[in-house]
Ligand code: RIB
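So this first bit is one chain, no partners, the form predicted alone, shown in structure tokens.
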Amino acid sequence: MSRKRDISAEAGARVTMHQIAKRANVSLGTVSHVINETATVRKELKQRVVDAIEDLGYHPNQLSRGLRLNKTSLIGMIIPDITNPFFPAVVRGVEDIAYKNSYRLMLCNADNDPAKEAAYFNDLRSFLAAGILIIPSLNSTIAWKHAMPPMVCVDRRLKGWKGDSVTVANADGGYLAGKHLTEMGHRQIGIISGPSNLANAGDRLAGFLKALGEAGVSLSSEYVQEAQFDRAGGYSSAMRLLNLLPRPTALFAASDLMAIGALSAIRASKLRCPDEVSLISFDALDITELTDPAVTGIFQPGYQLGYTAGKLLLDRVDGLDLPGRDIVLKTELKVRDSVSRLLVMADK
């Protein structure tokens, strides 16, 4: 039988480390050390093992290895909405640091459904994921008190969470947005806020209102509309605000998706942005540079959010035993074209 046929026959079956040892003419222990990198192997022997692995088409059984170690090389991540354009940058940050450290990322989309989120969480635990990152859904029911393996909250925290988390300075960002509008002369302002049961939405609103208060601007309750962090929520809320009298001269949207919906509402109302209605948002994603006009916004560093969270998780996977760490990343104002200066006559 030719060597080619011999290899094909062996590759067609489940290849074992015993077969690799036989082909390389080394001990089973040597094969194990090469595959698992548990000890230094002489260069010549290592090359023979590598050649045998390539010849036989061997692929390590990650599940079997995971059962031995009580964990796999998988990092699980649960996000609430895969269609939200903010989350891909966060996921990319996690994936980059995971891959750099020889881990692989398994992504789960919860659709803001607490039951689906909990199911994915339990699945990741049963698959022996080395660690889990989670951006919690609106009404998350994750039983985190019994969470194993290590877990890190990203962007939002689970209610009562005492472990590691990475968020952005949402209140500071909201403050920057409010200060920019008031410095541009706006006093009649409409707010499209995120869901009140999300801490990041509440913090953005609180920071924005703080800036308005410092500028002597007060708003009645109808000028604050609560909506989901999506385009439909932004559109419907903006339509309600634009029908108020007096009509707002500026709108603050708590996310870029909301802002895109608000832009559609401004156009549907036969108004011009920023000439008649200014608009500022939170996120400052690349896509809002391409809108007409490009939307001024508060930038939150999605990639750094994911990368930092991944690093915290890998620290825990490696055995770090410290109290929960709460990392807060800075936000910044990105001035584009959607806010115009409003000339206000002094009344004093």
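Don't overthink the numbering: it's just position in the shown sequence, from 1. Bear in mind that the values here come from a model prediction, so they are computed numbers and not experimental data.
Note that the form predicted together with the named molecule isn't included here; everything after this is about it.
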| query | finding |
| --- | --- |
| Contact test in the model of the complex: R204 vs the named molecule, heavy atoms, 4.5 Å | yes |
| The named molecule contact in the model of the complex: N84, any heavy atom under 4.5 Å | yes |
| Close approach of T167 to the named molecule in the model of the complex, 4.5 Å, heavy atom | no |
| 4.5 angstroms heavy atom contact with the named molecule in the model of the complex for S255 | yes |
| Which of 175-183, 269-277, 212-220, 86-94 lines the interface with the named molecule in the model of the complex (heavy atom within 4.5 Å) | 86-94 |
| The single option of S140, T249, Q225, N200 touching the named molecule in the model of the complex, heavy atom within 4.5 Å | N200 |
| Any residue of 150-188 that, in the model of the complex, places a heavy atom within 4.5 Å of the named molecule | D155, R156 |
